[in-house]
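In structure tokens, the next block holds one chain alone, the form predicted on its own.
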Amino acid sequence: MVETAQLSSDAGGINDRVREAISSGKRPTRTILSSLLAVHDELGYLPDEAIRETAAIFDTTINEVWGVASFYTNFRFTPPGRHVVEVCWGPTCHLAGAPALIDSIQHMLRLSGEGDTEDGGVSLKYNTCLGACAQPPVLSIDHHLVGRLTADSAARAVSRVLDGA
């Protein structure tokens, strides 16, 4: 790995957090993709500083790193909401009623698709698999799985998070 010089525009120590996320990986083989995943896990998104710092660490261009990052739809490039709600819409969840959950949650959050609520309270995301096919349809609320939902119970679960319960 190439040592990097501190970038002049390190907003809030992001570069230090990026370097730490990349260097603390358990596996010795590091790629741009695995590094971006580690950074995304650490920060919740990939700010411009993370793209630049990753390029510096790998001694490559910002365009090379951006090409990898922008290819994968799971990466965010803006900070997520205070709460992240993911609705599984994979085959099992879809057949078990995920479309009704999506409609209910979107209506409750006043969203027309994936995205962030106006107040930044919730980021809604669709996920092709949350790994809980035995209890469809499934939501992940702040990384906690909730299964065997109906449209009403899903809306109540999201509402409890918004209400701080």
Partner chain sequence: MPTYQELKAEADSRWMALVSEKPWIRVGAAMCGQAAGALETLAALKSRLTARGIDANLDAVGCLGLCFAEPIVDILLPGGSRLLFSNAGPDAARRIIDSYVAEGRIPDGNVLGYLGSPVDGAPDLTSLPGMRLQKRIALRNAGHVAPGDAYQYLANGGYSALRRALSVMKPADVIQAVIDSGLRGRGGAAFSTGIKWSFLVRSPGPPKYILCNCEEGDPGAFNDKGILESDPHMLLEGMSLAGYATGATNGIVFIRHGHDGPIDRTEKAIEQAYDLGLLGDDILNTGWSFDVEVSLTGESYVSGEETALMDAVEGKRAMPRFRPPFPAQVGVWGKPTNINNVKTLSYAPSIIADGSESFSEIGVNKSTGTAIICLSGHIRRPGLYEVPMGMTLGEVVNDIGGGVPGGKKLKMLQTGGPLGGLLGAESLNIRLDFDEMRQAGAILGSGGIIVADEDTCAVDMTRVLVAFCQYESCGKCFPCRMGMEHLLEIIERIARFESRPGDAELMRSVGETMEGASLCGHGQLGFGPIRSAFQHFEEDFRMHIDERRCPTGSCLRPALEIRNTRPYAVDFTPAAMPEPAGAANV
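Quick caveat: nothing in here was measured; it's all calculated off a predicted structure. Residue numbers count along the first chain shown, from 1.
Unshown form predicted together with its partner chain; subsequent notes refer to it.
In the predicted complex, Pro79 stays away from its partner chain, with no heavy atom inside 4.5 Å.
Contact check for His144: a heavy atom falls within 4.5 Å of its partner chain in the predicted complex. Heavy atoms of Pro99 reach within 4.5 Å of its partner chain in the predicted complex, making it an interface residue.
Interface residue remark: Asn127 is counted as part of the site for its partner chain in the predicted complex, having a heavy atom within 4.5 Å. Checked against its partner chain in the predicted complex, the candidates Met108, Ala55, Leu43, Val68 yield a single residue with a heavy atom inside 4.5 Å, and that residue is Val68.
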